[in-house]
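Below you will find one chain, with nothing else, as structure tokens; this is the form predicted on its own, and questions on how it binds or moves follow later.
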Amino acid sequence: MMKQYFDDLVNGIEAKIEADPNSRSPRKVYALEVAKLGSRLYSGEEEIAWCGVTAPFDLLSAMGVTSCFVEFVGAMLASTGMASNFLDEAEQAGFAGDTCAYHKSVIGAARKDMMPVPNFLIATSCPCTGGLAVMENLAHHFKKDLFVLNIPQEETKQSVQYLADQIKEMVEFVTAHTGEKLSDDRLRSAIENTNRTRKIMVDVFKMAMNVPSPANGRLLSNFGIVIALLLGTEAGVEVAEAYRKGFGETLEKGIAGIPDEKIRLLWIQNRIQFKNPMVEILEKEYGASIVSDELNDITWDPIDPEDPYTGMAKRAISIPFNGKGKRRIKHLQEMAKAYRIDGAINPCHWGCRQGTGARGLISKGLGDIDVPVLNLEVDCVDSRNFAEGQLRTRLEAFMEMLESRPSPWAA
């Protein structure tokens, strides 16, 4: 089912681009590469690793391994409207109703043989212990070996070295399971591609800060977290360049991401993955544009090809969800200032400490710089709990409040 879905998606996008080369938009290039990744994961022909969010995907790519964080599958199941059956399966097996639905849907999919059997799994302690737990569960289910990267919460010389040493051990673990040693040339090529992608994305995010922004509620949706899966590859460079070129042309023509942008919004943490009307309401009824997501940022320096493990370690530690809450709040405040944000929306994903657990800290932190936050009680994967009427009412009240107040960045 999922293999056919991804294959059809690849064929459909390629056919549209072939029929009309001018339709080759940044989002379409991005969607095509994501679909190709999904197709490879389900092909049965590749070395597969299910991973945690902060795994070094470029390193795994250099070792000939097709890898992906498991939450990606949960998001895909939700976007296709198939998540409910797998959530039911997990719940009937005894998993609690308030377990993160990204993880619960993946567990259900594995129990129904809808997850490709991996060669091995690589868990990461960041960004959440729930992600670590689901990887342990999947390793038990598939009867496959699990390697755990323990991500330190603070960047010090000692903590970086500790994680770099773990990544070196991970390379030995992968070699033991694939029989393939890490090629110095392939690793250097992957690092060069990662650095090229990083450099281009710095430009893209700076372009998105423009007033009005060339971005809108869909162009960069989930982008910051998913592009990590393409790091180290030519595809990652191509996707990033498509955005830079597309945004550059849009800015040159003086075109905004949405017509007559009035309100600029920051989306915190996860997008709602299943079909819903929220972006359409914001853009069409209020002229409000989601100009950035929380993870649409580069928080790490270029990686030194002569010392790649140190660079990869620093990159993993730098994720805003890692470490103390005040570090994440500072990052959100910096983003709000850079993007001239009028308000922020936090979906407070059920069962998630970053979503629901941090809501008070986030509201206060952004409130300190006069940026209001709308906290929504919503499950980003489970559409069974989506109360559209209630959410629409709260969204409308929030937007009316933003319309009635001056921008925090007004001169």
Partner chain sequence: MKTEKNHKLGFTCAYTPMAILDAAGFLPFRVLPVSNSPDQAGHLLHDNLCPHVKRVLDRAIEKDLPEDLAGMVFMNSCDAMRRLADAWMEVRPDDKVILLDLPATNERTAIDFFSGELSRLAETLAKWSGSPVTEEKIALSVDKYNELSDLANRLNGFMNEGKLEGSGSRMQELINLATSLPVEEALDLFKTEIVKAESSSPIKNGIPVFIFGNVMPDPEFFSLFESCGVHIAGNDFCTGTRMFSSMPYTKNRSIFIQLSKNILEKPPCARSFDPLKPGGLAENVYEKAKACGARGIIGHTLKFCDPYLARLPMVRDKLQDTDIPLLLLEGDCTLRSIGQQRTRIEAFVEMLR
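Positions refer to the first chain, counted from 1. All values reported here derive from a predicted model rather than from experimental measurement.
The form predicted together with the partner chain exists for this protein as well; it is not shown, and the discussion that follows is about that form.
- Using a 4.5 angstroms limit between non-hydrogen atoms, Val148 touches the partner chain in the model of the complex.
- The partner chain is not drawn, but in the model of the complex it has no heavy atom within 4.5 Å of Gly179.
- Remark: Gly357 counts among the residues lining the partner chain in the model of the complex, judged by a heavy atom distance of 4.5 Å or less.
- Of the heavy atoms in Gly38, none are within 4.5 Å of the partner chain in the model of the complex.
- Contact annotation: of the candidates Gly246, Pro302, Gly224, Gly130, the single residue with a non-hydrogen atom within 4.5 angstroms of the partner chain in the model of the complex is Gly130.
- The single contact residue among Thr175, Gln92, Asn85, Ser183, judged by any heavy atom lying within 4.5 Å of the partner chain in the model of the complex, is Gln92.
- Across the proposed site, Phe205, Met209 and Asn296 without exception lack any heavy atom within 4.5 Å of the partner chain in the model of the complex.
- Picking from 270-278, 308-316, 197-205, 122-130 the stretch near the partner chain in the model of the complex, with a 4.5 Å limit on heavy atoms, gives 122-130.
- Although the partner chain is not shown here, in the model of the complex the stretch 310-343 places heavy atoms of Gly323, Lys324, Gly325, Lys326 within 4.5 Å of it, in sequence order.
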